Structure formats: C-alpha cells, structure tokens
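A lone chain, given as structure tokens: the form predicted alone.
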C-alpha cells in the first residue's frame, strides 16, 4: 500500500507497528488501538451504552476529524489549490480499497457515493437495452429497490432466487437460475439479514461466465471484516462501502471493475471493454484540457467510469479507517472477529438466550424473535445498541449483534446479562 506521509496516518501506522504482527489479543488492542478512538469510547462511557451495531454504522477514529479539518483548511487557505490535496486523498482511497479487496489495479476502484450508484453504472454499461438479471431476495434494500425500479420501468427483467425455509441461499439454486439469456447476476457475498457467507461464490462466478453473463458481487457486509480476493475470484464487478467495518461514514462507497473490462488506451475502446452512461466530465481523457469532441473521449482504465466533480471531503473522512484495517491485515481482523462473536454467543447461551446458528457467516450473530422492533427498542432502553431485520421468507425477525475491536469481554458479558433481562421482561 502506498501511504502518503502525514501526521494523521503516522499515528495509525505507529499504533499498528507497536501492536506487533501476532494474532490480535484484547490486551494489545486496548493498549494500542483503543487510544485512536478516544472520542467514540468516551461517548460509550458517559452514556453507559454497549454498542453492538458495528455491522451498521462503524465507530469513527479520532483522526477523521483531523483529516477532514485539514481538507477544509486547504479550501480556506488555498481555494482551488485545495484540489491537489483532495485528489491525493482520492488516490489514497483507491489504493487502500484495492489493497483490502485484493485488487491489483488501484484505478479499477471507482469511488461512488453509494453501492447502488455502482449497480446503476453497471446496468447502464450493458449493451442490452433490457437486460435479464438474476438476483436473490436477500439483497440489501438499496440494490433490491434499484432492481425492482428497473423492472417496474421495463428497463430490465429480474429473476429472483428465494431462500430456503431456514432463510439461507443455496448456491446450486442460484446457479440453476442462470442460463444463456442471463446478462447479469447480482449477488451478496454476505447476506445482510442472516449474515450468511456464500463460501462457494466462486462457483456462481464460474457459472455466470460459462453462460456469457457478467456478475456483480455486493461485498458491503464483508469488506473490512473478512479477506476478499477480487482478482482471484474473477468477478466482473464488486460494490461495497466504508459505512460499516472500515468506519468511513456515509458517502464513501466504490465500484471495482475487473481490468479485463477496462480500456488501456484512453478514447479507443479495447475489445471487451465496457463504458457506462453514468458518466461525467471527470471520466474524460485530460478533463482539464476542455476538449469538446462530438464523440466522448474516455480516460483510460477505471477513470473512464468516474462521473462529475467528486465529493472530495469524503475521502479524507474514509481514509483513516481504511488505513487502520489495511495495516492490521484482514486475516487478523477476521480471526479476532470470530473469537469475539463466539465469546458473545457463549455468554448469551450461558444466561439462557438462544442464538441462531449459521456455520459460515460474516461479522455479526443473531437472536431470533417474533417482535424485532419491540426487542430493539427495549434493548436500546437498557443500554445495548443493536438492530433487527425481518427474514424475507418467514417474516420472523433476527436481532443482529456485532462486537468489534472496541468491545471488551467485560462489555460483552454485561451485554449478555442485559439482553437476558430484556427477553425475560418481554416474556412476563
């Protein structure tokens, strides 16, 4: 990873160096990583809240405020000269995302303000005016709603794959839905309701390509919490964002395009290269030359998928969390996450709270219930910040709890007690 030297970044890298290269332990994380989050942790201590919604909105590093302030200061002092700093932050964003996602070509990472924006760009790059799309009922609302909107406007035909009675998706069923008429497959790596990890997603990629279809992987619930090897997987596209596990807040999302679909010669499409109508002047070759040909002259590589003037400050907002996760390493992050999840499951089971067992899952655990919204309300009233989602098939609710590096075992023990108390009160 190429890291631009700055005081903000040096704090993060220094903390990770002092942490060492061994598997993460609570003692090491508390000593070296927790000081990077003093503002977030002060809030928890002052409110007595145990935050277990880390799968939703990630807690920010202190350095985000410094980095954003630096970007704003450049605007005040340098005016249009601030673009030098802003574009360096954007390049850093692309480098970090590529490193974490296992993508060897940083310019294949195209910043977007949402994963849905990435999906629209992909659909609008397809040569078919009404593409045939295969997807599941388990996609997050943003992608799900976009697909339904395209179908409603008769801009796409969508074939939906249902979950089984347990709310899980079977790879064989997804593959069976792909045929020679399929143009695009849209599939989550980790399902947002159940946390199911599609471990053999490579089989779906292979099946799509065997039928000359493209495939887009939604890695939002995997990015920053488990190893992803985009190049090795061979998918055509991947969307995700930094709202959750890399603590980048809203607006810091991206689309990754496999290099085989990118033109290496700006303005001259290579065979197999794709271009989208979701575009703008930053996608032009030499945009600041202000040439105005009648046909578009695209930039090379992933720059051809950029749009108009980018939201520059968001990169300063997202980069500290990306740099932290990248520096620690995804294998260590994943191992520690699984250890924390198992610890919380054990403590919940000890106090009589039954959890949902999904062998291969992402970063959060589940408690099944029939009244998810009421349970969440009561848990928050008792100082446990969680959320819940309904299963598309059964309609039952699943409470989602996600410990992360900022949660200690003492917190998880106390959380289990509070959860138990709420369920007992709701039974009474």
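Worth saying up front: this structure is predicted, and the values here are computed from it rather than measured. Positions refer to the first chain, counted from 1.
Only in words, not in the display: the form predicted together with a small molecule, which the text now covers.
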Q. Taking the shortest heavy atom distance, is residue 145 within 4.5 Å of the small molecule in the predicted bound form?
A. no
Q. Are any of the heavy atoms in residue 114 no more than 4.5 Å from a heavy atom of the small molecule in the predicted bound form?
A. yes
Q. Is residue 237 close to the small molecule in the predicted bound form, meaning a heavy atom pair under 4.5 Å apart or at it?
A. no
Q) Taking heavy atoms only, is residue 223 within 4.5 angstroms of the small molecule in the predicted bound form? A) no
Q.
Please pick out the stretch from 214 to 222, 81 to 89, 96 to 104, 255 to 263 that is in contact with the small molecule in the predicted bound form, where contact means heavy atoms within 4.5 Å.
A. 214 to 222
(Q) Within 4.5 Å, heavy atoms only, which of 169, 298, 243, 230 is in contact with the small molecule in the predicted bound form? (A) 243
Q.
Under a 4.5 angstroms heavy atom criterion, identify the one residue in 160, 282, 343, 140 near the small molecule in the predicted bound form.
A. 140
